[in-house]
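Heads up, the chain below is alone and in the form predicted alone; it's given as structure tokens.
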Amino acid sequence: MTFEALKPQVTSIITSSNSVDERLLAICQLLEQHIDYYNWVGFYFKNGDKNELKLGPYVGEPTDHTIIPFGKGICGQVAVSNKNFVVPDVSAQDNYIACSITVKAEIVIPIFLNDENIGQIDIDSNTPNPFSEEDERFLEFVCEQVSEIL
């Protein structure tokens, strides 16, 4: 399914009457089911006033990384830089937190609310170098939609 075809489904999930966590999980499920190379899809959010991220809803293999300090790993770096981070080959990253030996690539896109980075969507792929600029634009759209319910 194309990114354009998924956008109305994302919007439909966002505008549903389900709880925020149910809607976030539904987005994770939608992306993981319809994009072949999205093998782990989840959200991390700033943990109160702490300089760390806390795992939110996700789909994929269980992870021990429920809390990530700012600056650590790809997610922690995005929390500091406020910029998208596309990693075509995780083995080439010095500051990478391995979740699974099958993960080959990762993309992390920040979520902004009132110009503040409050979280991010994190996607792992078992396919080397699968992410394109189209993935970035689509995931930016997803994050904009998500920010409306937070």
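Predicted model, so just to flag it, every value in this text is computed and none were measured. Quick note: we count residues from 1 along the sequence shown, nothing fancier.
Beyond the structure shown, there is the form predicted in complex with a small molecule, which is absent from this document and is the topic of what follows.
Mapping the unseen interface onto this chain, residue 112 falls outside it, with no heavy atom inside 4.5 Å of the small molecule in the predicted complex. By the criterion of a heavy atom within 4.5 Å, residue 118 is excluded from the residues contacting the small molecule in the predicted complex. Although the partner is absent here, residue 81 sits far enough away that none of its heavy atoms falls within 4.5 Å of the small molecule in the predicted complex. Contact annotation: residue 38 falls outside 4.5 Å of the small molecule in the predicted complex, judged by heavy atom distances. For a residue to qualify, one of its non-hydrogen atoms must sit within 4.5 Å of the small molecule in the predicted complex; all three of 44, 74 and 97 qualify.
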